[in-house]
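Take a look at this single chain in C-alpha cells; it is the form predicted on its own.
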C-alpha cells in the first residue's frame, strides 16, 4: 500500500538534516586516500589545489609560507576594511572626525584600525619576500613565466592598495604623503619644462589631475581614492590572484628540484603512498584520444611517490599560517596604535613631508631628479622584473635556493658591491653635493640624464653584464641584478627614514632636527 503524502512529508522532514548534509558534502569521511581526493574535488575553495602535493614543498624552510601569509593578510584587510567602512565617512569635512570616532568612541574601533594598518604592512612585506623566494629558487622559469608576470602585477596592486588607503584618515600625515605621490605623478613636467613644451603637452599635469580629480587635493581626490581603495583595486587583486593560484596548480605545483634526496625530506609528512614507486621510467611520447603528440605532459611519468594528500597536510599548514599571521597582527594591534596627526591643513606643510615607508626609497631618488627618480627608474625596474623569465631561458634545476654555491657566491658579491656603491654615493652626496651645487646654471636635461639615481642604475647594469660575461650565464646575471636592487631599496629606505630631516637635509639622527 502506497504511503500517504503526509507520511512521506514527515519522513522527509525527519531526514532533513541528513539530506542537507548529503547534498552539501558529496564524499565519505576523509579517512582514505580516495575520500581525501574527493574532499578536494568536490569543494570549490579546495579544488584550486591539486589533490596531492610533494612532501618537499611542505618544508617550512622552502617557502616560509610567504604566499599564504600575503593572502592571509589580504583576508584580514577585507574583513577589517568592511568593519571600518560602517563608521567611515568619505567627506573632507567628516573624514577626520569619523576616524577619531573609530579611534576613541566606537567599541573595539581602535583595535580594528590598528589591525587594518598592520595587516597592510605585513601584506606588503610578505609579497616582497615571496617574490624574492620565487626569484632565488628560479620558480619563474619555463611555463611559470606568465605567473611571474601576474605576481609582479599583484605587487603593484598591493602597493596601490596601501597608497590609496593612506589618504582616507585626512590628517596631516596622509595629506602630505599623498601630495608627494601626486607630485611624483606630475614629474614628467620636469622634462616638458626643460624642453619648453609644457604649455603644449603637459602629460605630467594631466596625470596628476586624473589621479586627484582636480588641481589640488580635496573632496574629489578623497572620493576617488576611497572608491579605488574599497572597490577597484580589491576586485583587480582578486582577478589577478585567482589565475595566479590556478597557474601554480596547472604548472605542476610549486617548483621543486628533480634530484630530491631522503635528507631533503626529513621532517616532512608521509602517508600510505609516500614510499611507493609507481612509475620507473618516463615515456618519451604520450598519447591521447585524438592523436599522437611529442613530448610529455606534466602528469606523464610522474607517480604519487613522495607525495601526500592535500587534505589534511596542505590545508593544515595554510590554516596554521593564517592563524599565525592573525595572531601577530592582533598582538601588535593591542600595543601599537596606528598614527593619527592633526587634521589635514593645506596651509601648514609637514617638514619633512615623507611618503609611506615603501615609497621612501623612491622619494630619495626623486630628490635628485623628479622624473627619473619617480617615474623613469621605477618603470625600468618593474619592466625588467616582468621580462626576467623571458630573457633568462637557461635550462636548470628549479627549487634550490640560489641554484648552487655559485649562485650564492654571485648574490653575496652583488650584495657587497651594491652596498658599497650605494653607501659610497650617499656619502659623496652629503659631503660634496651634485651637479646643481657645483654648476647652478646647468641645463635641467643634464640633471635628468646624469643624477645619482641613473649613476646607481648604470652601475648595477654594468655589474650584471660583468657577471654574465664572467660566468657565461644569464641566470647569474639576473641574480646579481635582483640582489643589487634589493640592497638599493633597503639602504635608500633606511637613509630616507632616519637621515633625512627638515627640507630633506641630512641629519645623523632625528633627535638632531631643529626644534623650530
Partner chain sequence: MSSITTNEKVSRRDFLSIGAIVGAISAFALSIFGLMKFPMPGLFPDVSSIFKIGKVEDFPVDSSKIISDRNVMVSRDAEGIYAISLVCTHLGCIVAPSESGYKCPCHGSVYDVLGNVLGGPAPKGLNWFEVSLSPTGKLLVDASKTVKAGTKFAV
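Residue numbers count along the first chain shown, from 1. All of these numbers come straight from a predicted model, not from anything done at the bench.
The same protein also has a form predicted together with the partner chain, omitted here; what follows describes it.
Contact annotation for residue 224: at least one heavy atom lies within 4.5 Å of the partner chain in the predicted bound form. In the predicted bound form, the partner chain stays beyond 4.5 Å of every heavy atom belonging to residue 23. Residue contact check for residue 193: one or more of its heavy atoms lie within 4.5 Å of the partner chain in the predicted bound form. With a 4.5 Å cutoff on heavy atoms, residue 249 does not count as touching the partner chain in the predicted bound form; it lies far away. The three residues 347, 350 and 370 all sit with a heavy atom within 4.5 Å of the partner chain in the predicted bound form. Figure note: of the listed segments 140-148, 203-211, 105-113, 324-332, the one touching the partner chain in the predicted bound form, with heavy atoms no more than 4.5 Å away, is 203-211.
With the partner removed from view, the residue among 99, 131, 366, 123 that has a non-hydrogen atom within 4.5 Å of the partner chain in the predicted bound form turns out to be 366. Between the partner chain and the residues 242, 91, 397, 216, the one pair within 4.5 Å by heavy atoms in the predicted bound form involves 216.
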